[in-house]
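First, one chain by itself in structure tokens, the form predicted on its own.
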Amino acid sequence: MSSVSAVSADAAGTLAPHPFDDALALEPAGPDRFLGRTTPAYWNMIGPFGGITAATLLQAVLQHPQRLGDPIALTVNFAGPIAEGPFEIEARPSRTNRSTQHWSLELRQQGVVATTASAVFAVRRETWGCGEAVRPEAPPPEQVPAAGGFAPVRWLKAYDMRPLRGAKPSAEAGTEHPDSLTQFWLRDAPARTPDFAAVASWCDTFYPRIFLKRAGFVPAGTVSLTTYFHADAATLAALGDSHVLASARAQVFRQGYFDQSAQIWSAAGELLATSHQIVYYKE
């Protein structure tokens, strides 16, 4: 799928790619290999934002010459830290069937594996369909103030987030919040028509649920993130630069790990993607 991306003019008047497209830029480097690099716009406190890593791995398959169909599932395992600078991605088709295709991926720096992933692509066809999940009620995004970030986390500036609940921990540290639910309107900043890579990044835009549950900040990091795509390319393109509604909560915190389930909805109430991740935490 060719993405519909925004461009902006730099100081010299030259059209520059959207920061998201710049972060996803990959150079073919032989069979099943691509070269990329981290970018400051999506930097977290000690490494790149996990969502941009997931999106970049997916992008390697999206631009692979053997790709079949569109993504329906992506699992990313954050095996080790990613340092600032260049990296290499190997995207290898493991098996191609009539309508599905399975991929194995690795992101390496200086020969060391930092991230592994698997993806499933498929050729979608028109069938009977039904949606049981219901989009949460929410005022329109233009009626919700945008959230501010905090200094060490640069990637937050890459998104327009308008929180409805669970914006940030606000109680004193050590006070347990009654739930871990966060909901906000979301879109890229600057606004950008979404594609599959954008959806992959959106599914990791939630801060760790333990921050809200414990009303404070503790060391935490995603170990494994799986995203399921429920929309085709045409549905995503039709969203234009509108906001989507993002919702996430945990089910259990236990023995140093918690899970997190998320949903991404269009403003019209169509479920675009769901994700599930397991997160490490330390007290």
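Counting begins at 1, following the sequence as shown. Given the structure is predicted, the values throughout are model-derived calculations rather than measurements.
One more form of this protein, predicted together with a further copy of the same chain, exists but is not displayed; see below.
- In the model of the complex, His243 stays away from a further copy of the same chain, with no heavy atom inside 4.5 Å.
- Remark: Gln251 counts among the residues lining a further copy of the same chain in the model of the complex, judged by a heavy atom distance of 4.5 Å or less.
- In the model of the complex, a further copy of the same chain sits beyond 4.5 Å of every heavy atom of Arg154.
- For Asn97, a non-hydrogen atom is located within 4.5 Å of a further copy of the same chain in the model of the complex, even though that partner is not displayed.
- Only one segment in the set 138-146, 187-195, 71-79, 154-162 has any non-hydrogen atom within 4.5 angstroms of a further copy of the same chain in the model of the complex, and it is 71-79.
- Shown without its partner, this chain lists Ala237, Ala231, Ala41, Ala220 as candidates; in the model of the complex, only Ala231 has a non-hydrogen atom within 4.5 angstroms of a further copy of the same chain.
- Residues of 108-141 placing a heavy atom within 4.5 Å of a further copy of the same chain in the model of the complex, in sequence order: Val112, Val113, Ala114, Thr116, Ser118, Val120, Ala122, Arg124, Arg125, Glu126, Thr127, Trp128, Gly129, Cys130, Gly131, Glu132, Ala133.
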